[in-house]
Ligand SMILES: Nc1nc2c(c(=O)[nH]1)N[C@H]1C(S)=C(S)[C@@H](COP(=O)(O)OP(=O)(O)OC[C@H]3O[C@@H](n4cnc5c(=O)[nH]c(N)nc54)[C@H](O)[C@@H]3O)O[C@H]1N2
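Given as structure tokens, the chain that follows is alone and in the form predicted alone.
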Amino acid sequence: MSGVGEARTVYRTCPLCEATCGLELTVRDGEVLRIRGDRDDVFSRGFICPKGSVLGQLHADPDRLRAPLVRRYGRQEEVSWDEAWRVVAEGLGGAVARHGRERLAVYLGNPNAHNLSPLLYNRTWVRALRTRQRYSASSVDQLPKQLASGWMFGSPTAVAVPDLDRTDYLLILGANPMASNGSLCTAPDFPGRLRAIRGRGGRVVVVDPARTRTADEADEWVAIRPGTDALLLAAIVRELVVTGRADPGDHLRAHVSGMDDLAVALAPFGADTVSAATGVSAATIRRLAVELAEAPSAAVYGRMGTTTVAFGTTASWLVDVLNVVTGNLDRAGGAMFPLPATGGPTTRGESGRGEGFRTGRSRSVVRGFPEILGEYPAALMAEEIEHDGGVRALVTVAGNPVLSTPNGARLSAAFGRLDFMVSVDPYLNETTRHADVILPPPSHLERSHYDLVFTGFSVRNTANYSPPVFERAEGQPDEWEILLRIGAIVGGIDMEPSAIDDAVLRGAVESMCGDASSPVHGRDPGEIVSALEPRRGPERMLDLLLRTGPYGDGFGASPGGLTLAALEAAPHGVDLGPLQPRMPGMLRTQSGTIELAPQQLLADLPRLRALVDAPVPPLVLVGRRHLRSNNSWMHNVASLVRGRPRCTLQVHPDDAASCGVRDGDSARVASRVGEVVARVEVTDAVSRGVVSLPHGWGHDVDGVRLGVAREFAGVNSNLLTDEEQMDPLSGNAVLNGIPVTVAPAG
């Protein structure tokens, strides 16, 4: 650290959304003086959004917890770390002793994906608990895409992203990257990249029930009825088949199976058949098929509007089917697969073939829903707590499921029935208010950062490491130490976190030395471990992954290759180049092909066909994004929530008239499971029959310590979402297309 009073400049990747923008921070004496975009960042080139500018405010937030809280006599009071660990040991240990491990549950929230320590150590500490009751934010977000990718390509990490910087035609469904900055598609300055497509003569088409900011910037907005994207995609694919335009291309033809089965299965989904159900004319469907087939290059990209619906997995599958049959998968300008510097399941093991993807190794107690990616759907949490013999203890990490998962009122009440609850979280929020112990991690600026997840969804291959900006307060453990200690306490492991870390590292090195595909195959594990000295914790694990990854030095096997030291010497990042074709080597299916017609997905098509004739509710609810918001976890920053109210109920003028509500009025919105009162915003930005509330609000509950968020509380849209409505293939919650009624609040 530099001398007292001396300002210094540091560089850091923003951890607040998926865009991974580079930031330049001016700091002094533990205070952030200024933040601006890093103009020399190899990926973002100076781009910054309003969220990136508030890292200093998050660090200095007086409501951010600096010490553990323990519940005593109905109130949560600050205690020492030693006292907190004693209460955790007594509480969690006692619950496991009384009830058994299968009555202990874990919930991992969205911020884990933005945080190096949990990404590296969650698997270790969660496995130490030895319970199958595992839940995460994945099943209210992207799980359908991972499931479809697993069945098609053999790995749930094999997610194709649009090659934005080279495409000539981009079809976007259910996504608003002008507000979200992109999701499952890491692209700093997504708005600039969209404008560049049009600037070079390309075309952007947006399919969405709402005229979003992205739709306003596009060449065309196609309004669609919520939840029917899978019908539209099926009809476009069928149109390509019947007109003879369906062709994977010379580069893929030999690596695709199931074309004939696909053609037969999609026969019932003609453009004329699905037009009324989707609200998209048959002529438009046919034209979109022709445009995709005839564009020099094209990519189809679907996001939250295609995954958080009743046909999320089927829609996610058909997005990539469309990329395949137009010849645009795995080629420049199409949908491509990143090659992250730390590698992953598609870079390890036998090239081009694997064990494939499977689910259902266990089932939930109440509904018997199959496990997917080692967890059960978050929509099942309440019922798994409520039933006789249900969950009695819970650990949450960086999540706020009361605001982010279906029927938040029922879930909140269920949390109140637990014997014991521990939360690793920097805030006393709507979920952690139920906790018996809250263990706060360091702030974003007190820990290192590397985007293990989002480099796997990136539109360009890059690598960027950020060391901590500030030292942790005395006695404050790092987050990986907190997590490993929880695992040790509950798992009955008599080891300090540092010793567990040593054991985890040794196991990883031994596995790599025994893997024929690894650059350290056959080497002495002790030699590799010694070469990683004197690092410890996340930095040591990250160095191992980088050095054995696709660009790594292989511990001397590839001199000049990537290492953590090389990233430390490159504060603006390392550019590893544009996306490159990866077929067929990245496949991990048993057949060694892209399986275009997985039986699980073909079997879902009769359910999809029934949607054509299903009755249409008069009004359905959808969510929406805003550039200054990311779920619920940045609503305590004044500069992000001030100004015109954003938690409003958007209603089309015709629907407002029929419901008897006016702009600025309060309206009562009701669903099968609950109701809220929200301020009305009358606008033609939503289609007729559609109303919209943003996600992640509703901070006006007792027991939270969020001064700013309570002032701008908004309403919790997930008091309206229905825990019984899930995509039956993935278990993903249905957060869009919820039948509701709207009436004056009275």
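We number the residues from 1 along the sequence you see. These numbers were taken from a predicted model, which means no experiment stands behind them.
The same protein also exists as the form predicted together with the named molecule; that form is not shown, yet it is the one meant from here on.
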| query | finding |
| --- | --- |
| H434: touches the named molecule in the model of the complex, heavy atom cutoff 4.5 angstroms | no |
| The named molecule contact at T326 in the model of the complex, heavy atom, 4.5 Å | no |
| 4.5 angstroms heavy atom contact with the named molecule in the model of the complex for D330 | no |
| Contact of M512 with the named molecule in the model of the complex (heavy atom, 4.5 Å) | no |
| One stretch from 592-600, 569-577, 169-177, 459-467 that, in the model of the complex, holds residues within 4.5 Å of the named molecule by heavy atom | 169-177 |
| Residue among A398, L339, C647, V391 with a heavy atom within 4.5 Å of the named molecule in the model of the complex | A398 |
| Proximity to the named molecule in the model of the complex, single hit among R485, R447, H652, R103 (heavy atom within 4.5 Å) | R447 |
| The named molecule in the model of the complex: contacted by all of G109, R303 and G623, heavy atom 4.5 Å | yes |
| Partner contacts in the model of the complex for 461-491 (non-hydrogen atom within 4.5 angstroms of the named molecule) | E479 |
